[in-house]
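In structure tokens, one chain follows: the form predicted on its own.
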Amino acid sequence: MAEQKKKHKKRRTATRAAASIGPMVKEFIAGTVRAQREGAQKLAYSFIVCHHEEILRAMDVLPIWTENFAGVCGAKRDAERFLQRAESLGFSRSLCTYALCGLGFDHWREELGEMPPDAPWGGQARPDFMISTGQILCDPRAKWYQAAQQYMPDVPIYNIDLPYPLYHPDRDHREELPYYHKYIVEELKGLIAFVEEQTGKKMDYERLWERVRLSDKTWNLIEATYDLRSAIPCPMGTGDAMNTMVPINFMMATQDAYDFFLNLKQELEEKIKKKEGVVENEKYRLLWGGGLPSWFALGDFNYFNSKGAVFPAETTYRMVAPIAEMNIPKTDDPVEHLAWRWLGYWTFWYDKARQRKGGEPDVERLINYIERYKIDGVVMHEAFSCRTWHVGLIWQLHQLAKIYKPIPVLRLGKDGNKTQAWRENPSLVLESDIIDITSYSEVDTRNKIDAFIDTLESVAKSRVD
């Protein structure tokens, strides 16, 4: 039985750019359905954060972002019927609900020979092939499409392995990079050969270079744009960034993505000039320190805003880093460059972490954002079905409290005496899921937010400027 969709207020955006994302996503989902019907382009199921968009786009392959479609189902509060169908097939609700939603949808579509009734935004098109990515990132990336192949046995899969050296405080990761680089280059070349076989086209490497250079340029633009959010008042929060992540993760290597951030940068600069913030009276600046959001409950960001709290930064979906700071070796081969960029991104915080006693890359990134965006508190979200992406979040908060010693502040004691203490960064851990709305309680969530705001206010009152 289809889930009864609860009426809920649409989340308010603070920027025109974020408001434009919904129609944009709807159009490129519809575009994949049209492409399948017309047979004009090959379609590939794909995952985000795999750094192979340039390869697909250079060969005119249209990606179908399966995680994105599951997120759309969650945001529209229409995922439950697909989750239930996956459960009826023997899959546990404890698995990644993105994967469950996709599997339930695929099975239903294949069973009907057409889209399930009232499919969100036209539905998820049937792929010509699937690209899975076993990497140190999330559980289902090597298994989701294998499971989907039960219902689409004629659709081939290619698995690309994209590892990176794990952090060790006493070992320089650069010693291992040549080995990893050689391996990843071979993996990317294998993907190119597979796509050539599926499309009947040969790779145009000059065209690939054009796509790669466009992505590099877009990465740098995104960093410059998001840095503007350090302004006080903050012109754009994480609520909007959960929309603007779409061009980062689903439109990379396209002129549209670059132009989007060019326009967003201009919009934020205008807001800063006018001193327009996300909230009228900005009291608290928070960091979304980790975890995917509950797509059905993005209105919680508006609730934070109603309390005078804004999120100038987030670690989630900010899947870029400044290219110039990666020290990528010069190469005339776009495939080699893609491999170096992958390694540069995943090891970006290693050196800075080693410079701090007890440092860890993920925690170092939190510290950097806390200082750069003048953060007062950290919020994380643990989604029960997304283990590898969310495991360790509480540990990160413990490490943050243990190793981070920012500039001391004066505190006013109850006796009126001033004492020196380290600045506190209170934290809040929310618990729910990415698209399974049955895991969510709005009342409990809002109560936790209220208590957190009270803590922030108490800490603020105890400080002496």
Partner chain sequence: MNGKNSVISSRVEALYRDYGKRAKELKDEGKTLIGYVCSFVPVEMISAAGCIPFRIRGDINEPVTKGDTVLETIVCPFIRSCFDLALKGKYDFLSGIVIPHGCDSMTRSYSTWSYSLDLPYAYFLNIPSVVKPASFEFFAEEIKTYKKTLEAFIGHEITEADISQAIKLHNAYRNKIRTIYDFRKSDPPMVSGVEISKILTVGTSLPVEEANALLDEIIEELKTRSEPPLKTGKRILVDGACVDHAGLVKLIEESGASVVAETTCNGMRDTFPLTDEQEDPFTGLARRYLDKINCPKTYRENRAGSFEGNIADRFGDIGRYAEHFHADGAILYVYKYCDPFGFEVPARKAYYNAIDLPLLWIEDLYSSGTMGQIKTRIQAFLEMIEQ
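Residue numbers count along the first chain shown, from 1. These numbers were taken from a predicted model, which means no experiment stands behind them.
As for the form predicted together with the partner chain, it is not shown, yet the points below apply to it.
- The partner chain is not drawn, but in the predicted bound form it has no heavy atom within 4.5 Å of P293.
- At least one heavy atom of H398 is located within 4.5 Å of the partner chain in the predicted bound form.
- Using a 4.5 angstroms threshold between heavy atoms, Y284 stays clear of the partner chain in the predicted bound form.
- Proximity of L262 to the partner chain in the predicted bound form: non-hydrogen atoms within 4.5 Å are absent; the residue sits far from the partner.
- Among the residues T316, Q149, N220, N243, the one placing a heavy atom within 4.5 Å of the partner chain in the predicted bound form is Q149.
- Interface residue among D139, D204, E269, E111, judged by heavy atoms within 4.5 Å of the partner chain in the predicted bound form: D139.
- Of the stretches 222-230, 119-127, 317-325, 94-102, only 94-102 has residues with a heavy atom within 4.5 Å of the partner chain in the predicted bound form.
- Contact with the partner chain in the predicted bound form, defined as a heavy atom within 4.5 Å, is made by all three of P153, G359 and V391.
- Residues P169, R171, E176, Y179, Y180, K182, Y183 are the members of 169-183 with a non-hydrogen atom no more than 4.5 angstroms from the partner chain in the predicted bound form.
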